[in-house]
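Take a look at this one chain, the form predicted on its own, written out in structure tokens.
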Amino acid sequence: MAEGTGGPGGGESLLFLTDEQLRKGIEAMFFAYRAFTADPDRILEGMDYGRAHHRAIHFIHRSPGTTVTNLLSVLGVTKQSLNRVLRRLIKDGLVESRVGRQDKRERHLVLTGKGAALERELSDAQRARMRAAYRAAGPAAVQGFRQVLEAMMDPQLRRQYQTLKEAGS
């Protein structure tokens, strides 16, 4: 069988991918990301929040009590940018900032009941989209998709991801 012409299950050979095949993958990723973020974007639009607010809410929910420093590391944004987002979320009653018990300079972040309800609404929309896609693609594709995503991560980001993944197990 010639490379790139197909393999078991009709997949293309992974040993050699043409620029055209890679371009198709890049474009699929762009459009999938658009679809993946569209539902939360619609929910947040009426609240005058954006994706930065969504990401902060997601990761605060994922690690209740996380510090601002840790959230900065996970999100990979500037302190100024994160402070702007957090000020708004705190002012609107979605997030609480608590002084650290051991280190009074630390600020620990937790969602309020209102913040948890918004996080649930945003995540429910994305889970529904992912669940439908996973069911349509099948178990082997789901596993392969995760492997591809993890392989695309830089080593430091993969370590952060693994830490989060293990904390959720």
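Just so we're clear, the structure is a prediction, and the values are computed from it rather than from any experiment. Numbers for residues come from their place in the sequence shown, where the first is 1.
One more form of this protein exists, namely the form predicted in complex with the DNA; it is left out here, but the text below deals with it.
Checking 140 to 148, 46 to 54, 126 to 134, 112 to 120 against the DNA in the predicted complex, the stretch whose residues place heavy atoms within 4.5 Å of it is 46 to 54. A residue is said to contact a partner when one of its heavy atoms sits within 4.5 Å of a partner heavy atom; residue 76 meets this definition for the DNA in the predicted complex.
Residue 39 falls outside the set of residues with a heavy atom inside 4.5 Å of the DNA in the predicted complex. Contact between residue 63 and the DNA in the predicted complex is not found at the 4.5 Å heavy atom cutoff.
Shown alone here, residue 27 lies farther than 4.5 Å from the DNA in the predicted complex, counting heavy atoms only. Taking the DNA as positioned in the predicted complex, the residues of 93 to 107 that bring a heavy atom within 4.5 Å of it are, in sequence order, 97, 102, 103, 104, 105, 106, 107.
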